[in-house]
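Before any questions on how it binds or moves, here is one chain, the form predicted alone, in structure tokens.
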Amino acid sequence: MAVIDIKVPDIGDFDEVTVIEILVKPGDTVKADQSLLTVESDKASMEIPSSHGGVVKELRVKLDDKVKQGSIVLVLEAEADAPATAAAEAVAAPAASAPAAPALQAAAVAAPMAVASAPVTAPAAPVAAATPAQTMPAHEPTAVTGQLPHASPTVRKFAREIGVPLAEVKGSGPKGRITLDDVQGFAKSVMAGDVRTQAQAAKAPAGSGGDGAALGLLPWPKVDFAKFGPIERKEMSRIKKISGANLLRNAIMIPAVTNHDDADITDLEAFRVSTNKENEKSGVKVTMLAFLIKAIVATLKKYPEFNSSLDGDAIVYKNYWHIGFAADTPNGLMVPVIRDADKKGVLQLSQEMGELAKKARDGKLSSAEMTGATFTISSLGGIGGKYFLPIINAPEVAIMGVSKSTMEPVWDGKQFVPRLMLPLSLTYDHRVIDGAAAARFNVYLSQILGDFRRVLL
């Protein structure tokens, strides 16, 4: 048995590279050409293979170390008479005897490599086909796999920043390459409670209620509140647990921006009051929210990107208008959905909202009555407040927050006059919608609310 120093081979034009992953540990048995660690420059990532088979005796590097060609990465007790493969010979050969591309090829041995923003898979060394396929052990999230998942440096960096283990992610790109969407999808699943790795389970303190382990955040603080004074402990309702997980996912995964504006609803409120007087015997009370739904449907038709959803790299525009509205219940927030709101009048909308809100308070809403919304309205008008930042209800791309209307002095060009102003807070997904479109949406919506005849145009 011979003791061999495994060194960094020719890495092309890079003076130094950073160690971003170590795939083995002392005591591990490795084979010739097996990847030992991954290094990364600002333009590319590559795996460093072993030139011989044997047992790892000592690691000479750690994560984030800077290494260059010739740096010793580990000490290997090589197998007796283990022949060096073509890849090892290429590594051992002087740099001048091989062109730059084969040098990278030998160093990578079928490793993924990305240059700038365009990922390109490095070709396998000629001996790869002759190397016997290794039988992988049963999957363990916390164990070293010995094989680096295919992903570009940008994807690896993003995954490290949010704490996603690439070994857990299934790649959807060519040859199983992991994309940014794959990493984001995995994170969404974790946030929704659909995926929970062993590593996260080990980190998560019991009863933390959301420790952020999946994002690499500090553990949730454990405090004995009783030592500071009397306490009362109540378990969260099932609805709050479910909605809380969704809200956390949406708040983290969606790059949301909120645009605020005010709508003059003086004339519309007067019309609403008179309508209720005329229809007093019908038992249906018309609410401002019903008018708002009709106005929003008209605005969504003018700006269809607000009635869409993201599906990978595509935007799905929906030719139906199902409007969700947040309902406050004793058990927590629920969002009933009014289907085909474009086909219903204000009186029908008011009646349907009343029925759905009662079902929500009684806990009798079916899942079908809470799904399929294309846009959501969250109204705090009956309580108070000026503006707020509502959280988008994925997979929708926007949500309208409505606060309490107040009488305010408004300049009409000659004098200040009292007008009833309704605060609007439009939160939108910046991946789909830009700020100018959001401003136009609020302006157009305000124009309709100011003169409801526009809804007929």
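All residue numbers refer to positions in the sequence shown, first residue = 1. Not measured: the values here are computed from a predicted model.
The protein also exists as the form predicted in complex with a small molecule; that form is not presented, and the subsequent description refers to it.
With the small molecule omitted here, the record of contacts in the model of the complex names 279-287 of 279-287, 364-372, 306-314, 217-225, defined by a heavy atom within 4.5 Å. Checking V73, A295, A341, A327 for any heavy atom within 4.5 Å of the small molecule in the model of the complex turns up a single hit: A327. Note on the partner interface in the model of the complex: the residue among N393, S51, S405, S35 having a heavy atom within 4.5 angstroms of the small molecule is S405. Of the heavy atoms in R156, none are within 4.5 Å of the small molecule in the model of the complex. Contact annotation for T179: none of its heavy atoms lies within 4.5 Å of the small molecule in the model of the complex. Heavy atoms of V67 never reach within 4.5 Å of the small molecule in the model of the complex, leaving it off the interface. The small molecule in the model of the complex is approached by G382, whose closest heavy atom lies within 4.5 angstroms of it.
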